[in-house]
Ligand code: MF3
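As structure tokens, one chain now follows by itself in the form predicted alone.
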Amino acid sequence: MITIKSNREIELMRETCKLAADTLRFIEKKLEIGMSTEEVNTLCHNYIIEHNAIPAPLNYHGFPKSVCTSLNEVICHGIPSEADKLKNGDILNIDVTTILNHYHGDTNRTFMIGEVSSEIKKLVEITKLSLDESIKLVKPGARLGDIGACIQEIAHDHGYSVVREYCGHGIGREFHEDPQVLHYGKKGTGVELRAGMTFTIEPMINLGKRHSKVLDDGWTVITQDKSPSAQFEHTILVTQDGLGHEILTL
């Protein structure tokens, strides 16, 4: 069931989403070559706790850490580790979800560490572009297929592939709510958007083929061909006024 948020719920969503976005801004300033992804996790965990919130991933269905850290060929759900050290030329996605006053805010970014090759830099830039352009389509009366089709077209136009096994989702009091937001599809199809809906858009774009596999830890998802993968995510509110949407995690 898709929930339409009340004005009070929207205010609570704004607060938790702002904290999630602030967490990414905080950690961005700390990233450096040689840092472990466990250090990233600890810094984010402490920042969220200090702001009277809870890191939603921690113990979610058994996930052992407070953020997801996905390096290079890791598509999503990477587990922070002391063994994973940031190297020059890496790309690192940090996925943050906060719980504040019982509501969830979800956002992620792919960061470039040191001097990144032009090929991978372009992948990161186009992945961000696919998110930005798809958000522009969000308004009452649009359909979820419009979002997926936009992302798919941009990725394919640049010779990239779109991960299909993982998607965006409704969000609010629950971490994952209806609807599912696919990052591929056909225009004019899918759920019709209504004011008060809140959901994430979070395209995962691969330099190589789209196929993925889950590692033995049960969480970490990598590209089958070991090609780099990039991702960006925002939590979006559908509005009746203005642009027809509000990016809650700016």
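Start at 1 and count along the sequence shown; that's the residue number. Source: prediction; values computed, not measured.
Not pictured, yet referred to below: the form predicted in complex with this ligand.
Sort through 190-198, 41-49, 209-217, 59-67 and report the only stretch with a non-hydrogen atom within 4.5 Å of this ligand in the predicted bound form.
Residues of 59-67 come within 4.5 Å of the partner.
Since only the chain is shown here, I'm wondering whether H176 would be in contact with this ligand in the predicted bound form (any heavy atom pair within 4.5 Å).
Because a heavy atom of H176 falls inside 4.5 Å of this ligand in the predicted bound form, the answer is yes.
Going by a heavy atom distance of 4.5 Å, is K128 a contact of this ligand in the predicted bound form?
No - in the predicted bound form, heavy atoms of K128 and this ligand never come within 4.5 Å of each other.
Indicate whether R143 is a 4.5 Å heavy atom neighbour of this ligand in the predicted bound form.
Heavy-atom contact with this ligand at 4.5 Å: absent for R143.
So, E73, D90 and S229: all three within 4.5 Å of this ligand in the predicted bound form by heavy atoms, or not?
Not one of the three qualifies.
Residues of stretch 86-106 in contact with this ligand in the predicted bound form (4.5 Å, non-hydrogen atom):
Residues within 4.5 Å: D95, T97, D106.
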